[in-house]
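Two versions of one and the same chain are coming, encoded as structure tokens; call them structure 1 and structure 2.
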Structure 1
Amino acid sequence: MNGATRRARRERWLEGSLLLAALASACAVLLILAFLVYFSLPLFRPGAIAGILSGRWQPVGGEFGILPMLAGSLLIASLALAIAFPLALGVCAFVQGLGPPALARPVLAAVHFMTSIPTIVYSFVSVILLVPALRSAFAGRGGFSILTASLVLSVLILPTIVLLVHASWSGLGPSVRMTCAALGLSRTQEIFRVLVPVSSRSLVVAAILALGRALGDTMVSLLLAGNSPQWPSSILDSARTLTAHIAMVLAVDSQSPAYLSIFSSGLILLLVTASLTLAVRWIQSAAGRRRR
């Protein structure tokens, strides 16, 4: 057997393995969806879905609405993205040439290292350091709150944005750099007037993926958001997210509204995440069609 035949066989094995992994992942997602839909079927009884999709969670009073938790999830994730996104662009600009070249590699290494830190470590350190600091800054408020959870989540999703945007800018770098040098643009002008507009789709994709990461986190919101199932009126208020709700709610009766709220929360999260993924795929396919 010659070398070319062996390489072809290895490539076929690799392609088959990747195809098998993709099919297994797709089947797992479909099974999870089927599981959530099956256990959410009692919601479609008359009046049941209206009770779950209401605005109050008071189990003692017979009210099991999960909309406050949905609002808490969206607010915390959106605020975390609003904090992390400009910081991530700043890090990318620093690495791409605005900072000393000798520091570019260490900064990227630090960002890669951040992806390996468990979420519980971020949460535990924040309980010890960040919560007392915010309480002191806001006169007793803001300890376990939306602001605290959002600040920690912004650190959690920062590497996702940095690595995606940096990869996009690195791919555009050589051709853009030559063009900008010919036009006499400074490095700052090159990054913010050329790279940012040209890579706008990549920026949107990075933001969508980071938002999905923030929506799906459990530990940060469970430990730092305060777990108050109420409509938030300020970022200093406590809130409960859908993921924290799933982790916290205990119910023995499989037909109780509290039990059903767990699966309805999971189904909503899965549908939101799937929508974000489809948005990313649509943006990428649209970009590919335009390049052709």
Structure 2
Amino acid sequence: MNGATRRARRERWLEGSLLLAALASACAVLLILAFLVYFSLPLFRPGAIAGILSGRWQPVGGEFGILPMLAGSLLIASLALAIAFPLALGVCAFVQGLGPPALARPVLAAVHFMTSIPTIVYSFVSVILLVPALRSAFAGRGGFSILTASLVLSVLILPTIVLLVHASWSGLGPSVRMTCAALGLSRTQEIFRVLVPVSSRSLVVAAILALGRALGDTMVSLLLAGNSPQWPSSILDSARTLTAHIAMVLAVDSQSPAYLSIFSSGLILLLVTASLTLAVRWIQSAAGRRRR
């Protein structure tokens, strides 16, 4: 009897420590949010928010707007997604049967391998190879530019899309394939008229996750986008992302608005990526409800 109680107590104690670990992992995000908010508090002094959320970054003139960086982030990430998404669908279709079946596995393996290539390695090689190539292609413009950063980011986020879409298509199973074959559809028709529409939610989820990845990346834009704090007017212009802005400006004087601007940037990044995660959750749970 005594042994049983002791065992039960031990079980409870172990379960408690597991719960603690789970709580720690789940609540870490709250702690991070709290710190960023705490350090952004001076933002809520009169006038400060308008100063930070303005369109000009000219510290010597006392202007500390980070909107150009927000625009840079959004433009670079969405351009990267626009490049990567069609390519990724093409690769998925290739693997799904448009290419020779013997090549499907090696291509998938290559895509898997891509996930293991460090971001900094992509950036380093691109500084040496891609920047001069684009510069000569566009007559002196486009070296350190939005286009360069987006191209490299698109390669970086492509595996995310391919692997998610591929998993979703494979999960649809042989029944779809057989139905299509029975209807006399070609492989191409099967993929683009049946698989794509049926898996539209997964495609959206893949796109959102890839966008989040692109928005959150620092090293590619820091090394390749040129970091000029201007409103981008062409993809051959250089631009600064919020992530690169944090890396660039950290540790000027701790009293100045420049310092404040990096916490605001961090906060904005955190809120944007969190709402993307929320969107994914919402889409997935809506899908779950419909299936039921």
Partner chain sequence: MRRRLADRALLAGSWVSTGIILAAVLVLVGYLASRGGGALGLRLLFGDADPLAAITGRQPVFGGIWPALAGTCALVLVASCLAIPVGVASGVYLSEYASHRLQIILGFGVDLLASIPSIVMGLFGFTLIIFLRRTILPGANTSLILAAGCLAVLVLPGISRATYNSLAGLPDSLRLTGAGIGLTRWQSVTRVLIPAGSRGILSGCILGIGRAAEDTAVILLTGVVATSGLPRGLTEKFEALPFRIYVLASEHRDRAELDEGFGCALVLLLLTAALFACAFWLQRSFERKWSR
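FYI, numbering is relative to structure 1, first residue = 1. We call the rigid core whatever largest set of C-alpha positions still superposes within 1.5 Å between the two forms. All values derive from a computational prediction rather than experimental measurement.
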Panel number for the form predicted in complex with the partner chain: 2
Is the shift of residue 275 between structures 1 and 2 large enough to count as movement, that is, does its C-alpha move by 2 Å or more after the core is superposed? no
By how many angstrom does residue 16 shift at its CA between structures 1 and 2 when the core is held fixed? 8.3
